[in-house]
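Below you will find one chain, with nothing else, as C-alpha cells; this is the form predicted alone, and questions on how it binds or moves follow later.
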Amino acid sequence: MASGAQEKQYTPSLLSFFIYNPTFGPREGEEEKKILFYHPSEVEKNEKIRNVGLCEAIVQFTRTFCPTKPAKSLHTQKNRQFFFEPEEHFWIVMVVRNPMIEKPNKDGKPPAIEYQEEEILDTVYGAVVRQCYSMYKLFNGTFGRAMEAGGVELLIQKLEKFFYRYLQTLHLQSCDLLDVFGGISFFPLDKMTYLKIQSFVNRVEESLSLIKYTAFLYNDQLIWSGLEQDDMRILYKYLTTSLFPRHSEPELAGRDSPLRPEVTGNLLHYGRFLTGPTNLKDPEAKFRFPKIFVSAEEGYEELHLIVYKAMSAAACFMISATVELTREFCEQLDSLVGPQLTLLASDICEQFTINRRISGPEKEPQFKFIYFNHMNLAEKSTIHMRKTASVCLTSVHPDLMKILGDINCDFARFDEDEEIIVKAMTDYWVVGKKSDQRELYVILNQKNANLILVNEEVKRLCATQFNNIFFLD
C-alpha cells in the first residue's frame, strides 16, 4: 500500500465557464452563434459547440419534470456543472473539477485517482455563479441592455472584457459558507461617533449637490450606506475583495501617524482618490471614474463611482453618469472631504482603541462562530482571519467548513426555526441555530463534552456575543 505521505491532494478548480443563448442559433450549422463567451478560449470550436449542446439538452430534459425550475447542477464522477439563467434565454454555466487524491501505485503503474464527489457543495458554487453575474451587472448593466445598445457584437465584447479578468480572481478552493450568505460586515460604533459620521455624510451631500448616494466604510467594514441592500451587497464585495486590497497601505493608528500628511489650515489631510486621478496636482491627470449600475424606480441608473480614502476610512460617492466630472469638482471634493475624513478616521480609531481597552485583552475562546442576519445582511465570522479575492484563511479544518455548509443546506429546506448539533472529528462539536431570519454556526473544541454541556456553552456565547439579539431556545 502507498503511504499517506505520498498521496497528492488536488483542490476544486475551474474547468470551463461559458455563457450562451439557445435562441441565437436555432438552426443546424448555426450552433456557434449561441456561444457568447467561452473560457478557456483556446478550446477547439467543435468541443465548445458539443459542451454547450449538452448543457442545453440537460436543461431542456429537466424542464419536462418541472417547467418552472430547470436543473441547477449536474453531478458526475470527475466534475460538477452549475447552470444559472439570470435573464430569459441567457444561460451561465460553470464546470468545476471535483477535488481528487492521487495515490501512487507499486510496480511503476500510473497512479490511481480517487475523485471526492461529495466534497463540493451545490449551494456554495451555485452562489459563486450568481455572484459572477451580479458583479458583471454592477459594472455593465444587464445582458439585455448591451443587446439594446449594440446587439450581439457589443454583448460579446463586454462579456470578454469583463470575464477575462474576473475569472482570474475566482479562487474556488477558498469558497465556503460566506459566499452563500454574501453578507456585509458592519463596524461596531458608539452612538456619538455614528452621529458624527451621519453628520459628515449629510454635510458633504449638501455641499456637493451632485452626489446621489454615499457609503462609508472603516477597516473594510460598513458603517453607513444610502444604497439599496442588494446593490450595497455586491459593491461591498467589490470594494473589500478587489479595490481595497489593490490599494492597501500600512494601518495608521489615530493621530500619531508616520506618514507626512498635507496640512490644510490647521487640519491634517491624508485623503486620496482610490478611483479616478491618482494625483490632483498632475496637469495630465485623467478625471475618469468607473461606472456602476444600481437599481432605481425605473429599472436601473448609471453612476460614477468615486472612492476616497483617508487612513482606514473610505467614503464612496455616487454621481449620475450623465454629469461630466471635472478637475474643479475633484479639487473641491478633495479639499472638503480630505480633512474631515482624516479627523473622523482618527476619532473612530481612538474610540475603537478605548472600547478594546475597556473590554480587556482578548483570550483565545474555546469556540469560533459565523453569524448571519438575512434581514440586514449583517455577517460576522471569527473563523475567517482574512477574506479577500486572493486569500481566504480559515482557522478551522476544511471538514468542519463542509459540515457548516451541510447544516446550512438543511436550514434552507425548511422555513421553521431549528437547531442542529453535530459531533465531528475528535473533540469537535458543530452547532447550527436558525431563529427568526438569523443563523448562527458555532464550532466548539471541548474534551469529554456532551450534548448538555455543548448546549450550555452555546447559550453562554449567545449571552455574551449576541446579548441584544433574540435567539429562540
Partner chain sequence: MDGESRNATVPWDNAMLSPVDRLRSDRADSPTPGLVEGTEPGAVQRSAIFYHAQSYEDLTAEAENEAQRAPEPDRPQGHNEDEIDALVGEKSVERRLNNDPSSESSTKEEDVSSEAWRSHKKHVFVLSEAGKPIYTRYGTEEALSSTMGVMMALVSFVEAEKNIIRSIHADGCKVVFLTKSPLVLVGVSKTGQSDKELLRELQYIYYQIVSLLTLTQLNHIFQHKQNYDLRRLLAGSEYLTDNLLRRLERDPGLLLSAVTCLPLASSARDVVSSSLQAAKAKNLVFSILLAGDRLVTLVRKKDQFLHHIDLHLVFNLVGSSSSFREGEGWTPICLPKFNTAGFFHAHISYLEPASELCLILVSTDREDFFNMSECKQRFMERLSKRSAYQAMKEALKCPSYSVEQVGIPELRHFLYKSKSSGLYTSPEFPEVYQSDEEQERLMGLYQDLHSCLHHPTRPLRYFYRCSETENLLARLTSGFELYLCFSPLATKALAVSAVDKLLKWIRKEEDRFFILSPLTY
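As the structure is a prediction and not an experimental result, all values here were calculated from the model. Numbering follows the first chain given and starts at 1.
Keep in mind that the form predicted together with its partner chain is missing from the display, and what follows is about it.
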Quiz item: Any chance Glu31 has a heavy atom within 4.5 Å of its partner chain in the model of the complex?
Solution: no
Quiz item: At the 4.5 Å heavy atom threshold, is Lys423 in contact with its partner chain in the model of the complex?
Solution: yes
Quiz prompt | Contact label in the model of the complex: Thr76 to its partner chain, heavy atom within 4.5 Å | solution = yes
Quiz item: Could you tell me if Leu303 has a non-hydrogen atom within 4.5 Å of its partner chain in the model of the complex?
Solution: no
Exercise. Flag this candidate site as yes only if Asn51, Lys69 and Asp417 all have a heavy atom within 4.5 Å of its partner chain in the model of the complex; otherwise mark no.
Key: yes
Quiz prompt | Candidate from Glu331, Glu117, Glu350, Glu102 lying within 4.5 Å of its partner chain in the model of the complex - any heavy atom | solution = Glu117
Exercise. With its partner chain left out of view, choose which of Ala127, Leu325, Ile403, Ile234 has a non-hydrogen atom within 4.5 angstroms of it in the model of the complex.
Key: Ile403
